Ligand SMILES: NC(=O)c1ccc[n+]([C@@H]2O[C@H](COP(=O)([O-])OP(=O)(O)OC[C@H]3O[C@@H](n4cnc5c(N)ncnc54)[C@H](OP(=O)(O)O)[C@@H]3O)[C@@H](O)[C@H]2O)c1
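Okay, so here's just one chain, in structure tokens, the form predicted alone.
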């Protein structure tokens, strides 16, 4: 992609201090976009990583700032977008990446965990879309939601997959309802990525350690798909979820690796 493909554009990536979110933020900045970075909890490792990424992006010559906001709280989301409007006066690309959920079977979730699951991963994303609309309408913006294979396949102790599935439906619906405003809405469904959550996932899914290395997805590969959906080349794609999993979900049967 051209180094200036997103020159003059402003992007917000929720949950962008680390992992997939930081990879997306970095690639957008390298392609010319100004970037609003977001993390949830003040004073933790996410803030420290966000500050490091902020320094990296500003050294590229891009405008960028770091905002603490918990998207599960409607008032916090409002403040997030008020600050973006104040600092940039525009928003062209909204990347819905933030997620939070326990690794636990659904039947064992406590009420507070169920509420957190819905409030962060469903309501929070909708709050963001609602608050972003006045800015996105100005120039015909793009919304990209980051999903995962848990939206369509069973993963042990992974209730987040239910919310990802729900949001993929929201993507379809919003693509239709916002299409008249020239706002495109799509999603990227990522395969198995070795982010921080992977360290926890393998405690519940022991067989995952047997997966061949070539089936693991890099954060940059997710980011590349996001870049495509944010660009002009994707103008004919609306309400779709693109799967980026190196073909992992193509087949149930995979022969055991031959011993060397």
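Residue numbers count along the first chain shown, from 1. On a predicted model such as this, the values are computed, not experimentally measured, just so you know.
This next part talks about the form predicted in complex with the ligand, which is not shown.
Per the 4.5 Å heavy atom criterion, the ligand in the model of the complex is contacted by stretch 96 to 104, the sole one of 96 to 104, 130 to 138, 81 to 89, 177 to 185. Shown alone here, residue 146 lies within 4.5 Å of the ligand in the model of the complex, counting heavy atoms only. Proximity of residue 29 to the ligand in the model of the complex: non-hydrogen atoms within 4.5 Å are absent; the residue sits far from the partner. Proximity of residue 224 to the ligand in the model of the complex falls outside the 4.5 Å heavy atom cutoff.
With a 4.5 Å cutoff on heavy atoms, residue 18 counts as touching the ligand in the model of the complex. For the candidate set 69, 57, 36, 229, a heavy atom within 4.5 Å of the ligand in the model of the complex is found for exactly one residue, namely 69. Heavy atoms closer than or equal to 4.5 Å to the ligand in the model of the complex belong, across 38 to 53, to the residues 38, 39, 40, 41, 46, ordered by sequence position.
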